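Next up is one chain by itself, shown in structure tokens, the form predicted on its own.
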Amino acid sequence: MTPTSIAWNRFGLGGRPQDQLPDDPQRWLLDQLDRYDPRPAGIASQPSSTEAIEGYLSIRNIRRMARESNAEDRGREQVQEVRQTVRRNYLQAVAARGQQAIESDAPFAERMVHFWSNHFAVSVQKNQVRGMAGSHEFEAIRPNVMGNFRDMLRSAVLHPAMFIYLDQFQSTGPNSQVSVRRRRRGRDEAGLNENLAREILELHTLGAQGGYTQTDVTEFARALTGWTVAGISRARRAQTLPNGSAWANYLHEPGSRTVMGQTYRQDGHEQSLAILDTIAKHPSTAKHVATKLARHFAGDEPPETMVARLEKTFLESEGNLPSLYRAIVESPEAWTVEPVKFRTPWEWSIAILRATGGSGMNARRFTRMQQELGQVPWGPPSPQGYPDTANNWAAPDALIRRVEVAAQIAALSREGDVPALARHLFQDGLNDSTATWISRAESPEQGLALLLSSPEMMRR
């Protein structure tokens, strides 16, 4: 692979026929940090998280009114209409994300959006998240990609999509005003939920070996009580935030909290924010984030030298993300020919669509293609997000699906000179075997299908 091919494919999202070969691939990548658009038109037009919340709340209201008016048949019809709107909005959000990736002139920056969105994963496998998974990326991730890790952490984990996904909206302090009143009335106490606290520590910041204990998880969970979702019954008296989250002080566990040896005496929501700020700059967080970034750009077994370099940059810059991106681009380990990364289904599909001009896929077909390939957009099976190593994506049946999709895309394309396209995308990194098979193809369509399913296109 040439430096240009590495820049286009490993750092970017794949080359396009109209892309000019950059004189300086590293400079081309770094310039994208200034060209990145956090709110392009296609994404700015998508429904917000508050609109998604209103849709879910309307289902409850419809059902209640249907019961009261003895019109349950009509109620079911109205609920179905709302659910269809949610599904339609999800398809449009997936399509907007895909279209931005396919058309972007700043693909390195867009790759970082996808990386961080998967790092702070929510999942549509929980039905209530479907309507706001897109808004989580568009509102919490995109605006902070060129900012500071601390700010992205706050935005991502204090978003209503995360609250719903990890059940934070149900968490109540054992000694909160609400719990005290319930005990006085002889009612069952609302419980403390530790999901969000645990995932922040284990997945988003410190890492599984980051030095925290179960006691730290519980204490952090107590500090997070009070964060909920605007509009739900328990948030009627809460302070509503623009993104659809809410702060309900009457749900918050009073008193000071001690997490990882540090005591936090702040009142209300300031307590959880202070804890987030501390762990955002913790050395374990620096190592955890550096390891994931090195794995993403320099192979499934992240080079220790690169991890150390990124870790040092994270700490010295206090989590400045563009500084990290520059350190990645300047790392020689990320520019070696071997080992290469095996593309995830999402990465591969975007690369083949960039290579073929998008092929005019509508929202439904584009989303169905992702599902067929095995990587449902915003649909990882757990809060860990989708895996980033070859053994999770290179199974024989998965490769067969890619070959089938490649044939479908080739049939939609009007590419005539496939050998020229192959040389443009991979320069002298094109394998002799691949070049031979393409040259012997019976038609441009068959040649393009061979290129799109070639080993070069499968890897970055």
Partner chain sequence: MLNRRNFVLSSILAGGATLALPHKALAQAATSKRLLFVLQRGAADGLATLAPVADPQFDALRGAFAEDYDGVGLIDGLFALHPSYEKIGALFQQKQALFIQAVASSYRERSHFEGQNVIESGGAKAYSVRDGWLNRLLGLLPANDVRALALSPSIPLAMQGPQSVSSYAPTSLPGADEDLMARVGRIYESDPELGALFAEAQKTRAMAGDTQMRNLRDAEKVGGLAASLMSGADGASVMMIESNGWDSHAGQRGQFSRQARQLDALLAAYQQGMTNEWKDTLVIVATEFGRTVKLNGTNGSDHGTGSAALLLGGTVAGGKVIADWPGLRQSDLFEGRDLNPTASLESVLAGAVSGHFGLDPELAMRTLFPERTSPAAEGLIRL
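Given the structure is predicted, the values throughout are model-derived calculations rather than measurements. Numbering follows the first chain given and starts at 1.
Keep in mind that the form predicted in complex with the partner chain is missing from the display, and what follows is about it.
Evaluate residue 195 for contact with the partner chain in the predicted complex, applying a 4.5 angstroms cut-off between non-hydrogen atoms, and reply yes or no.
Answer yes; at least one heavy atom of residue 195 falls within 4.5 Å of the partner chain in the predicted complex.
Close approach of residue 434 to the partner chain in the predicted complex, 4.5 Å, heavy atom
Taking the distances in the predicted complex, the answer for residue 434 is yes, it comes within 4.5 Å of the partner chain.
At the 4.5 Å heavy atom threshold, is residue 13 in contact with the partner chain in the predicted complex?
Result no; residue 13 lies far from the partner chain in the predicted complex.
I'd like to check something about residue 441: if you look in the predicted complex, is any of its heavy atoms closer than or equal to 4.5 Å to a heavy atom of the partner chain?
The answer is yes: residue 441 has a heavy atom within 4.5 Å of the partner chain.
Since the partner isn't included here, can you check whether the partner chain sits close to all of 342, 384 and 395 in the predicted complex (heavy atom within 4.5 Å for each)?
Result yes, every residue of the spot touches the partner chain.
If you check 27, 60, 39, 401 against the partner chain in the predicted complex, which one has a heavy atom within 4.5 Å?
Result of the distance check: 401.
Option touching the partner chain, based on a heavy atom within 4.5 Å in the predicted complex, out of 368, 265, 312, 281
Exactly one listed residue reaches within 4.5 Å, namely 368.
Can you pick the stretch from 426 to 434, 412 to 420, 48 to 56, 28 to 36 whose heavy atoms fall within 4.5 Å of the partner chain in the predicted complex?
Stretch 426 to 434 is the one.
Counting only non-hydrogen atoms and a 4.5 Å cut-off, give the residues of 196 to 216 close to the partner chain in the predicted complex.
The stretch touches the partner through 198, 199, 202, 203, 208, 209, 214.
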